[in-house]
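Single chain ahead, written as structure tokens, the form predicted alone.
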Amino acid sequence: MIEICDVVKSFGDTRAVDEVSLMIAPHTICALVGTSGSGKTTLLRMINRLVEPTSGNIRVDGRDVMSVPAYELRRQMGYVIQGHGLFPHWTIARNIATVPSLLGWDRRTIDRRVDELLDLFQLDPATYRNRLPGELSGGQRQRVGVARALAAKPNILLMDEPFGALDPVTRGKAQEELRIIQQKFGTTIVLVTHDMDEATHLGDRIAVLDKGRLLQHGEPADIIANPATDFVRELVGTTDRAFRLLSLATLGEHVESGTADGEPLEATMTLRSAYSELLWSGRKAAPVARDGTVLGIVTLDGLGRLAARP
């Protein structure tokens, strides 16, 4: 658990973070959202002491981060930045092995961990471990950056706009990979983003910041349906809140009884994608299937009711 208690960070007369209190539960993803200058990156960096608070305190599992040497604290947490931050003249294997090497792991254990992570990110170890970062695509380099952050099996992963430099297709794939890996390892992730779609897609909870202050903290559906301030309402969007709500659930969670003709839609598809597919194909209903077995149907009318203001 990460507890942020009345934290202030001042730069001269400017408060970049202004009395923020926030609790982040274990094994969840918390998305810090806001415009440029809102304080979200400064808040993230105070968790691993890249920036130190002016006042207040931050505790991890009840232990004040200021009671731990900064270098030791950072080795216990993964850290991923936009643009991956890989060492350009080191091989992919050496980049991933950075923290385990600092921690004194033996070579055989490090090699096994490197290959395990390359396999996990669908990068064949025999092909990629001895390549340099410049030989990889942007998406592959970003995946290696996440692999490096996970190498020492940290309980906490801090991510600062990790997918901001990727094209939309690669970004979507990287987001899906992150969700799968987070569920596999149970890692607690704090993610900084300015993209509300990314926050609602990845975050178990969202914290909205503006001018250093925490405006609202809650589950994505609560923030979309009940924005606490005009700023949060503007960030969520006044015209597409219904579609954001539909993006939070899958067809498998809302199957209707009945039958329908045509190609089945997969149960893993989001309600938003299903709504789009029905409109595009001109159908009022479609079968829903999982692993080839039809579970029921989805209808335009049913999706409309789910998208309505709670």
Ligand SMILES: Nc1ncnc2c1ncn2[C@@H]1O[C@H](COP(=O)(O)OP(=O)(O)OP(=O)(O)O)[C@@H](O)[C@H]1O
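Note that this is a predicted model, so its numbers are computed, not measured. Start at 1 with the first residue shown and count on from there.
The form predicted together with the ligand is left out here; the points below concern that form.
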Counting only non-hydrogen atoms and a 4.5 Å threshold, tell me whether 90, 127 and 133 all contact the ligand in the model of the complex. no
The ligand in the model of the complex has a heavy atom of only one listed residue within 4.5 Å, and of 37, 258, 262, 26 that residue is 37
Which residue, 98, 82, 155, 216, has a heavy atom that falls within 4.5 Å of the ligand in the model of the complex? 82
Heavy atoms within 4.5 Å of the ligand in the model of the complex: does residue 194 have any? yes
When the contact criterion is heavy atoms within 4.5 Å, does residue 161 count as touching the ligand in the model of the complex? yes
Can you tell me whether residue 41 touches the ligand? I mean in the model of the complex, with a 4.5 angstroms heavy atom cut-off. yes
Tell me, yes or no, whether residue 16 is in contact with the ligand in the model of the complex, where a contact means a heavy atom of each within 4.5 Å. yes
Within 4.5 Å of the ligand in the model of the complex, counting heavy atoms only, one of 269 to 277, 65 to 73, 244 to 252, 28 to 36 shows up; tell me which. 28 to 36
